[in-house]
Each structure stands twice: as C-alpha cells, then as structure tokens.
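One chain is shown next in structure tokens, namely the form predicted on its own.
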Amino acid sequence: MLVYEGDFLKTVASKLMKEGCRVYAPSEIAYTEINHDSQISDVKPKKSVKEFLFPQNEVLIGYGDWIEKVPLNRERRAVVGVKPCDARAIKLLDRIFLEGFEDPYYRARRENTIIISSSCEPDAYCFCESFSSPFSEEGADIFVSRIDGISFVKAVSEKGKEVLKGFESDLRNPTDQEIEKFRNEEERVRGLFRRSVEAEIQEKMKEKFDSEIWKEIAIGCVGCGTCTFLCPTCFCFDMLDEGEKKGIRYRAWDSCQFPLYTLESSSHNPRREKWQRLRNRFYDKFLYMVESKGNVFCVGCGRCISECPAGVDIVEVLQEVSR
C-alpha cells in the first residue's frame, strides 16, 4: 500500500483520458463515460460493472454462406471508482468465462479493461461484509481508499502496476500513523453494517428444498427478473439468430425467473411454477455454485433488495432458511 497526496482517482482518470483511454465512473444509474475528472462521484450505481465485460446484448458472429465476422472488442477502457462488491463480482465471473472453456469475447474485454476500485461505506441494503469487505481488493487492478485528503493506493495486478509506473515520483510509503488511520477507518466502516447473512448455509438449504417457505416467499414476486439483471454475478444468457441466409448471431442476458427459461421443446417445463424459479435463484447462488465452483455467487451489493418492486429481501429469505 502506497500513499498519494490528494485524490488519486481524479488524477489517474485524467492521465488515462489524455492517453486516449475511454474512462467510465459511477453515476446514479450506471458506470458512464466521463470526459473530465470532476464527473467522478462516490455513488453506487443501480447497474453493476458486469456489462463492461459481459454486455446485455452482444453480437457473436456475422454469417452469410459461412462465418464472415467474429467481432472482438479490444478497445482500451478504464472504470474508476468501482465499488469493491462489483470488483469482487468480476473475480467470480472470471471463474465462469475463463475457466475450462474460455470465452474469447469476455477475454478480449477483460484484458483491455482496467478496473480501479475504491473503498466505500454501506447503504441501507449492503451486506458485503458477510462475504468479503468494503475494503476488498479482489477483482481490481488498482485499489484506492481516500481518507482525510490522502489516497492509499495499491496495485493488485500487472495491469495495475503498469498504470502506477507513471506515478512513481508521486507515491510514497505510508507512515505508521497513516497505517493506523487506514486500519481505524476499516473498523469504523465495518461497524456501519446493519445487514448480514450466514454464508455457510449450504446444509440448511439442502434440508429446506421442499419447504413450504418458498411458496410463501413467492406470493409477492412478480417474476420481472430485475434481481437477475441488476445482479453483478448472474451470467445466464440466451443465443439468437437474426436473419436467415445472412445475418448475425448474438447473445442476450436471460433470467432463471422467466417462465420460458426452462421450457423444453417437448413443452415440458421442469420449473413451471413461480416459486420453483424463485427457489432456484437462491439455490444457484448459495448451494449449486458452491458445489461446482467453490464460491457463493453473491457479493452482498443489495441491488436485488433496493430495486425489487415486490419487496423480496434476499437477506430476510436467507435468515428464514437459517431458522
């Protein structure tokens, strides 16, 4: 961890823009492109950083008599002020798209996107402390924490180290007092959390698979899929063709909350009922992915709580399962 006198996020954003890199920062709705460092804010967007690596709609090939085009996006981009929960979600998405079969579209974007995360304070819906920390460096290339007018900066990846080479004369080692100040800030922020879940809940979920609680919880759910579309770790998609002899094949985000998601060509649907689909989302994140990848696929960002039109609360559901 090094120290920069001033606001490192603004300085690095300005430098990257001068080098021709497209720079994005948080806004109320999404991480949006900026053209001046004054546009950098400290809000948590409603939409996650996921779409920079795994877009909502993405052309995979252009076809005619044969495959004529395979578009890979290698544009150099940087996203500054990424929330630690969003950055950690990228680490989980890496396990889906880069392990085993490697997704070349995701790989191209991942290699050419710089993620600069910064510490934050929890809002009323956050529960990331259950899985990690608001000071987590996971998934980032550079981690920044601004405290009392100075920035604590750490290069997390090789890409991050390359960026910091341009700041060697401006960075210094922290004093003992500054290290203590950083640790005190971590403790202060941890004390602000009012929500938590039991991460080691897998055995209890196995016991509750046939419980009536899933039908009770699903009564209010409208099946809109907002929770999955705003979730930084949901990765389901559908593939579609536009055009017969000539056209494009593209993929688009899909949701396990939609009735058509599991509809088979025989017209059989193994998850026909809404409560079965809602149950699947919880089991996928907190049991199935633990069994297949070794990780809970939730980062505690709270978006699915704050934006759910029916008031379904993932924390309350998991607490009910625990009981």
Partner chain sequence: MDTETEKIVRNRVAELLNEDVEAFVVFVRKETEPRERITVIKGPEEAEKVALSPLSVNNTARVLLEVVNNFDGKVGVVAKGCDSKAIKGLISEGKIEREKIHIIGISCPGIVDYRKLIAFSPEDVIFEDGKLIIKPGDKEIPLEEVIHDNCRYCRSPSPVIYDEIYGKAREPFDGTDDDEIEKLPADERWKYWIDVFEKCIRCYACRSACPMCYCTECLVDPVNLAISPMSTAEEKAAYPRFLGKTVTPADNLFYHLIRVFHHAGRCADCGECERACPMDIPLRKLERKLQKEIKEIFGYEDEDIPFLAKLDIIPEGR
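Numbering follows the first chain given and starts at 1. Bear in mind the structure is a predicted one, so any value in this text is a computation, not a measurement.
One more form of this protein, predicted in complex with its partner chain, exists but is not displayed; see below.
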State the residue from 111, 242, 162, 200 whose non-hydrogen atoms include one within 4.5 Å of its partner chain in the predicted complex. 242
Suppose contact means a heavy atom within 4.5 Å; in the predicted complex, does that hold for all of 57, 222 and 316 with its partner chain? yes
Using a 4.5 Å heavy atom cut-off, which stretch among 183 to 191, 168 to 176, 75 to 83, 234 to 242 contacts its partner chain in the predicted complex? 234 to 242
Would you classify residue 254 as touching its partner chain in the predicted complex, given a 4.5 Å non-hydrogen atom cut-off? yes
Is it the case that residue 125, even though its partner is missing from this view, gets within 4.5 Å of its partner chain in the predicted complex, heavy atoms only? yes
In the predicted complex, residue 148 touching its partner chain (heavy atom, 4.5 Å): no
Can residue 306 be called a contact residue for its partner chain in the predicted complex at 4.5 Å between heavy atoms? yes
Could you list which residues of 23 to 46 come within 4.5 Å of its partner chain in the predicted complex, counting heavy atoms only? 29, 46
